[in-house]
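Only one chain is included here, represented as structure tokens and corresponding to the form predicted alone.
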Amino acid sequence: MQLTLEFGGGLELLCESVKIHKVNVDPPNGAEKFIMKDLLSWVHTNLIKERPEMFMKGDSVRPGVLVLVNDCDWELSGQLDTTLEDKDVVVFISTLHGG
């Protein structure tokens, strides 16, 4: 399945300053669907090059990271249990700013 991942608000710095990633992912062994929890694990392993603690806390994103799936807040679609489909666009934006 092909997904487009976008990082903004400074999160792109964790991915070698690349904002948009077109990636191919597959459900984990034996799974019929690919969910956000799987994607976050994949991103942590394959895209985050430095300071993963700035992106993830436990198996989810840190507080202050807005997650949109096809322009819809993931809180409306099940958060970690959100099912992803081929060609989905997932956006991660940090809402935390220094002063």
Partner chain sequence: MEEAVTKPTKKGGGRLCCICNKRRAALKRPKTLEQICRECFYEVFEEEIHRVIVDNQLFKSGERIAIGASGGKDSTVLACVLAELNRRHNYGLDLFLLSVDEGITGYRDDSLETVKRNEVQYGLPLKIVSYKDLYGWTMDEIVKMIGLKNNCTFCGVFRRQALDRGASLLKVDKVATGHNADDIAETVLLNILRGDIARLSRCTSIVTGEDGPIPRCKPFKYTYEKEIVMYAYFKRLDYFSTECIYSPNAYRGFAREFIKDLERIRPRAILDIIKSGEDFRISTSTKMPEQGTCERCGYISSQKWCKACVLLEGLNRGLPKMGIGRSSRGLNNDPKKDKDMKQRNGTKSIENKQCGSLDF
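Positions refer to the first chain, counted from 1. Worth saying up front: this structure is predicted, and the values here are computed from it rather than measured.
As for the form predicted in complex with its partner chain, it is not shown, yet the points below apply to it.
The candidate site formed by Asp38, Thr45 and Leu47 is entirely out of contact with its partner chain in the predicted bound form, as no residue has a non-hydrogen atom within 4.5 angstroms of it. Mapping the unseen interface onto this chain, Leu14 falls outside it, with no heavy atom inside 4.5 Å of its partner chain in the predicted bound form. When its partner chain is considered in the predicted bound form, Asp26 lies well away from it, no heavy atom lying within 4.5 Å. For Ala31, no non-hydrogen atom is located within 4.5 Å of its partner chain in the predicted bound form, even though that partner is not displayed. Although the partner is absent here, Ile93 sits close enough that one of its heavy atoms falls within 4.5 Å of its partner chain in the predicted bound form. For the partner-free chain shown, Lys57, Ser60, Val61, Arg62, Pro63, Gly64, Leu66, Leu68, Val69 of 50 to 69 come within 4.5 angstroms of its partner chain in the predicted bound form, judged by any non-hydrogen atom.
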